[in-house]
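The data below hold one chain only, encoded as structure tokens and taken in the form predicted alone.
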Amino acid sequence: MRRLLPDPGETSIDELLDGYHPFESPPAGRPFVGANMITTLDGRASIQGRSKDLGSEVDSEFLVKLRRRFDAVMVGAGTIRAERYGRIVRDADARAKRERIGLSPDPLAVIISGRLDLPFDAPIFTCGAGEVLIFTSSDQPVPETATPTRVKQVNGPIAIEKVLGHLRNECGIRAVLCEGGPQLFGQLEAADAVDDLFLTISPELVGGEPSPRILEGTLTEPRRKRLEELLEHDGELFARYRPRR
């Protein structure tokens, strides 16, 4: 992996993330929010509904190791259905390293699901490890799951600001990583709540039927970002952006 900005030179994912501790500086009233997204050259965020099929092995490694730096990982219902998540941190050595830097062994899995239409047979619910917290406006019962699962029911549409406030004030979450989908990322951006955007640009043109962009929804105005880092591996670009606040 080559670092293009800043300080061009050879690097690695471990070197890049060494010392990255977003949980050390949460903003007032909410967790530090990171987002990890991927896009093709023609602006697609998924192929047949799956973002996993866009990235390389290096992108997958980056995602797995980035997860290890956050108290919680947050996803929307569509992402859970499409990707069928399992245990967030599967490697035992990685869980031990999390403890050494002041994190719980397993990140809290946070799912945003208005209608509660979730695949409760997915590995994240059947593995029995970690914990799941679901925010929903549905009053439907949740089936028993091997993985401990809590539900936070809200009235009306789910306000992302209130989700973040609950995570910080009621759950003690200091840093949360959003892995999509585009609607959830759009809600976070509309609330100006994204502190770090990790964006992988896949060197592919896929064409075909329209698919979502990395951000869906409405912003009151364009949101200009500041480029902090840019890396490259085999034509794939890895960028980190921060807001211009």
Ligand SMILES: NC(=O)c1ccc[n+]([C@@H]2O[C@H](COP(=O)([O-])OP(=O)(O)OC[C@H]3O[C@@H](n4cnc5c(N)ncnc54)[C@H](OP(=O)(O)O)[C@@H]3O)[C@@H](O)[C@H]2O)c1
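The first residue of the shown sequence is 1; numbering continues from there. Computed from a prediction, not measured in an experiment: that's the story for all the values here.
Keep in mind that the form predicted in complex with the named molecule is missing from the display, and what follows is about it.
Stretch from 188-196, 172-180, 64-72, 22-30 whose residues place a heavy atom within 4.5 Å of the named molecule in the predicted bound form:
Answer to the contact question: 172-180.
Does every residue of 17, 34 and 109 put a non-hydrogen atom within 4.5 angstroms of the named molecule in the predicted bound form?
Not a single listed residue reaches the named molecule in the predicted bound form, so no.
Pick from 82, 164, 89, 129: which residue has any heavy atom within 4.5 angstroms of the named molecule in the predicted bound form?
Among 82, 164, 89, 129, a heavy atom within 4.5 Å of the named molecule in the predicted bound form occurs only for 82.
Using 4.5 Å between non-hydrogen atoms, is residue 149 touching the named molecule in the predicted bound form?
It does not: once the named molecule is placed as it appears in the predicted bound form, residue 149 has no heavy atom within 4.5 Å of it.
Answer for residue 115 alone: is it within 4.5 Å of the named molecule in the predicted bound form, judged on heavy atom distances?
Result yes; residue 115 sits at the interface with the named molecule in the predicted bound form.
Is there a heavy atom of residue 45 lying 4.5 Å or less from a heavy atom of the named molecule in the predicted bound form?
Yes, residue 45 lies within 4.5 Å of the named molecule in the predicted bound form.
Given that the named molecule is not shown alongside this chain, does residue 94 nevertheless sit within 4.5 Å of it in the predicted bound form, heavy atom to heavy atom?
No, residue 94 is distant from the partner.
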